[in-house]
Ligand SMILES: Nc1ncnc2c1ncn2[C@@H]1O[C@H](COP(=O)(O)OP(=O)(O)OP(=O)(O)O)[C@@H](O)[C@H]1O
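Here you get one chain, nothing else, as structure tokens; it is the form predicted on its own.
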Amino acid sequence: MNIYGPGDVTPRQAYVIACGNEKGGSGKTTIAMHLIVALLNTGHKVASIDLDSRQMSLTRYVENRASWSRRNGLRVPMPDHSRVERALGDSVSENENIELAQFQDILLRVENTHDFIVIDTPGHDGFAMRLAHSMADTLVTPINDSFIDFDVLGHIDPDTGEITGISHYAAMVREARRHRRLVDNGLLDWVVVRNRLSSLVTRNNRSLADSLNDLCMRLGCRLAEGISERVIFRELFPIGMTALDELSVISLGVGPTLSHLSARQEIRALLTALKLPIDDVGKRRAQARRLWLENVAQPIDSLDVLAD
């Protein structure tokens, strides 16, 4: 099955953000949920999609948020969430086709009715994984700050530190970018996010930073700092809250601490680095796309609808 066919990427209103990495435990779901809440807080209509039909971490995060808010009488913004149900057939290929069909049905429902779509991808290659990457406007790839996670993107010579090649995942992203350009001349902004940064600067940290900079130049992606190894991010998951929500005893169950405030600062810095269209200009462009789609069958008397 050719998932990179000409009909896979079509004109749409929604700006698509995919959080992708083929290695588990990199922080994809934590970043995805914080992006969702950040976009909701700025007044955008957000659809979230959990493509990981096995782990369903983003789905559990959203469900925890809904449950906690009901139990505590909180009014918190919620995304229009969908998940791809796990197919349990005998054939791996058949299961992938079933899950891909679910994903495409979800996209058809939300792609022209929402401003943003945030997709949490699985930690393995597959049809749906590739489609999510090929349609993304921004791809966020979090990696833990270690050479073990670096290997997901590229390979280095242990003696010289030179890049000797790129990994399967990086090659897949490169193919997704090529496909995107061919289909609609769109550009995929790929941002590699260094997570679980250590407060101690070591020789290994410096070597890793140099290697990442070299690799990002080769891959044509940007490098950003993400979230530190903070207990608070693990504590927020069970209650479905984020560092961007109101920090109070009611919302958190405990009083906010300096760790909460530091986590919020880190997330805000990451949002700035991602350069997502969430400001007033971005809102006007979203409205312009909405008006255009609503009137696409009518004669266009003026191009003002497409202006900022």
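Predicted, not measured: the structure shown is a model, and the values here were computed from it. All residue numbers refer to positions in the sequence shown, first residue = 1.
One more form of this protein, predicted in complex with the named molecule, exists but is not displayed; see below.
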| property | result |
| --- | --- |
| Contacting member of Arg86, Arg218, Arg109, Arg230, with respect to the named molecule in the model of the complex [4.5 Å, heavy atom] | Arg230 |
| One residue of Ser259, Gln55, Asn41, Asn64 in contact with the named molecule, assessed in the model of the complex (non-hydrogen atom, 4.5 angstroms) | Gln55 |
| 4.5 angstroms heavy atom contact with the named molecule in the model of the complex for Arg196 | yes |
| Contact test in the model of the complex: Arg71 vs the named molecule, heavy atoms, 4.5 Å | no |
| In the model of the complex, Arg234 touching the named molecule (heavy atom, 4.5 Å) | yes |
| Close approach of Gly123 to the named molecule in the model of the complex, 4.5 Å, heavy atom | yes |
| Heavy atom contact within 4.5 Å of the named molecule in the model of the complex, the stretch among 24-32, 269-277, 41-49, 250-258 | 24-32 |
